[in-house]
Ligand code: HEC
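Only one chain is shown below, in structure tokens, and it's the form predicted on its own.
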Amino acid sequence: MKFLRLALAALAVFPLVAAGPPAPEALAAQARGLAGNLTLSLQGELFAAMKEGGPVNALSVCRTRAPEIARATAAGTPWRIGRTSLKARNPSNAPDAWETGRLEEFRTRLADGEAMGTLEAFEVVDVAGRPTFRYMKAIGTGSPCLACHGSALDPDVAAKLKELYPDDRAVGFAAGQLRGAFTLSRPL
């Protein structure tokens, strides 16, 4: 009982201070880690699917497994994780206004000589009256990506893309170009 009285007295003198949200740099570090985990998991499954059945087989990884992997990566965290692009394959991945601005910024930075691997952006923005941390990390176009995102697609790949994504805009890329970005957000 004496301990309880001392604890209450201490609170009167030193009230508990509610911890504010983490600093933007700390949140960016969390987002980088999640984006890195998503990248590794997605690449692993894509490469395995390519090896097993070629690019047509790999399309199912991007279509069904990528959203599942993103949800699994975010599970147990306050984060929402997705992919977006100025040339989206899936219309549900189309960028919002903030994402569009960052993707255009990435294109400019890349054209100015910045390395693809350094292209990221983050800030706290207002979403429906609530502060929300937003983060984006660029996705470049590597040589393996060209099988499904390049200019000269195999006819079987082109046919499958037309079947799965009638309004596909995610083709015509060259190696080294900005293909899109991982996009993460969490309310504060």
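From 1 onward, residues are counted along the sequence shown. Because the structure is predicted, anything quoted here is derived from the model rather than measured.
Omitted here: the form predicted in complex with ligand HEC. The next part is about that form.
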- Closest heavy atom of Ala88 to ligand HEC in the predicted bound form, within 4.5 Å or not? yes
- Query: Can you check whether Ala31 is within 4.5 Å of ligand HEC in the predicted bound form, heavy atom basis?
  - Reply: no
- Contact test in the predicted bound form: Arg109 vs ligand HEC, heavy atoms, 4.5 Å: no
- Tell me, yes or no, whether Ala70 is in contact with ligand HEC in the predicted bound form, where a contact means a heavy atom of each within 4.5 Å. no
- Query: Is every one of Gln43, Cys145 and Ala170 in contact with ligand HEC in the predicted bound form, taking contact as a heavy atom within 4.5 Å?
  - Reply: yes
- Position in contact with ligand HEC when the complex is considered in the predicted bound form, options Leu38, Met50, Ala121, Leu27, heavy atoms within 4.5 Å: Met50
